[in-house]
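Okay, here we've got a single chain as structure tokens, the form predicted on its own, with questions on binding and movement later.
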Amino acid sequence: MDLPLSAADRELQQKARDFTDQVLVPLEDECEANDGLTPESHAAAKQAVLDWEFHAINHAEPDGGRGHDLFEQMLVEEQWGRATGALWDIPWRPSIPLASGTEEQKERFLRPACRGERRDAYAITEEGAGSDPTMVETSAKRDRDVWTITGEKWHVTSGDVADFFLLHTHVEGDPTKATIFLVDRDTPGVRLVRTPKYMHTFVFEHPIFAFEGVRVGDDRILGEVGRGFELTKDWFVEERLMIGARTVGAATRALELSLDFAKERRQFGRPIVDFQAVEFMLADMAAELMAAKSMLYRVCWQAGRGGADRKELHAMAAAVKLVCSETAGRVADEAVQIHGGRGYMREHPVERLWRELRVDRIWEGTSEIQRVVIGNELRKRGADRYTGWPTE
């Protein structure tokens, strides 16, 4: 069994760690204090992404990406996940369904997005549709050679900096005809409704957008009519794996900070790490994190290099997101406890990690939805997907 990382993998991992420490972490205090970055700081960080060659790590080189496989992407995103303020979102990763576009769509949307000249946002969730995308009410109706789109989308992550959307719709209101449209933000009929405030600090926003009689042509259909659910599912699989990576990275930082603090903090004449109550918390954090990371690395290796098919990935990505996000939540909670009052101060990274990790059990499919996916896999194909082991 060949477990060690290759020299190239280790080099990429270290490069991502250095980028995080040198570019992202120094921006944490500004992001927290100002609920985001100044235009100057954002511009400098964006240039750093290009200088470090971390733009579009999930797309092929002919389309302007870095061409990293899913295992390499995981190594990178794990390190980025150490940064608070969701600063990991500064390095842009255009939504993977864009790779299914026509040559004209790639030239108009994907390649400029890979270069950092454009930015996309995936718009799926609605007031009445979240875990069940068949409840989406945003509809597209055809009138000769023009489509008219009407609906409203919630929680459009990075929508404030995006200049086009991947818009999940139902043609003629039919869930079996789920279709993704590429919609420029400046298209007539696109309206910013409001920008809610959320519990976490996020370098970008999650606005609500209305699409009021937006008119587009056939050239804005990504894939084909009725393929929308399949494309969105592919996006979910990749995002769930990367959430697993980032939450493991965040939990690792929480553990490291807690261990350092426990060694330095003295009570009753001794470092608190000497007290069994604290020692056992640290032990639980380390053991759970080791288990989650082992799972993450195995599945991402199968995804990037082990030949796993789409059905396998969907089933395994659900387990990765479930275990890694819930493990990170427990680790962050114990980190706050170990830090005591300091852990409750927003100026401290463990407080921010605790607050920001909470959403990872919600977005891109709640923990309950991941359990539904896993349960469905168990009913249909048995337990081997989760209890077996790759043979090649």
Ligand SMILES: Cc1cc2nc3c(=O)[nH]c(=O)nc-3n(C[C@H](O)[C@H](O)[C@H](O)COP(=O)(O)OP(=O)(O)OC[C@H]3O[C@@H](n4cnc5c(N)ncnc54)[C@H](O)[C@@H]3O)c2cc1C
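Note that the coordinates shown come from a computational prediction; the quantities given were computed from them, not determined experimentally. One rule holds for the numbers: they count along the sequence shown, beginning at 1.
Quick note: we don't show the form predicted together with the named molecule, though the next part is all about it.
Engineer: Could you tell me which of 309 to 317, 247 to 255, 119 to 127, 137 to 145 sits within 4.5 Å of the named molecule in the model of the complex, going by non-hydrogen atoms?
Structural biologist: Contact criterion met by 119 to 127 only.
Engineer: Does residue 362 reach the named molecule in the model of the complex if we count a contact as any heavy atom within 4.5 Å?
Structural biologist: Heavy-atom contact with the named molecule at 4.5 Å: present for residue 362.
Engineer: Residue-level question: is residue 237 within 4.5 Å of the named molecule in the model of the complex, judged on heavy atoms?
Structural biologist: Looking in the model of the complex, residue contacts with the named molecule do not include residue 237, since no heavy atom lies within 4.5 Å.
Engineer: Applying a 4.5 Å heavy atom distance criterion, does residue 157 contact the named molecule in the model of the complex?
Structural biologist: Residue 157: contacts the named molecule in the model of the complex.
Engineer: Is residue 198 one of the residues lying within 4.5 Å of the named molecule in the model of the complex, judged by heavy atom distances?
Structural biologist: Output for residue 198 is yes: heavy atoms within 4.5 Å of the named molecule.
Engineer: Counting non-hydrogen atoms within 4.5 angstroms of the named molecule in the model of the complex, say which of 170, 220, 111, 206 makes the cut.
Structural biologist: It is 206 that has a heavy atom within 4.5 Å of the partner.
Engineer: Just one of 384, 9, 368, 21 has a heavy atom within 4.5 Å of the named molecule in the model of the complex. Which one?
Structural biologist: Residue within 4.5 Å of the partner: 368.
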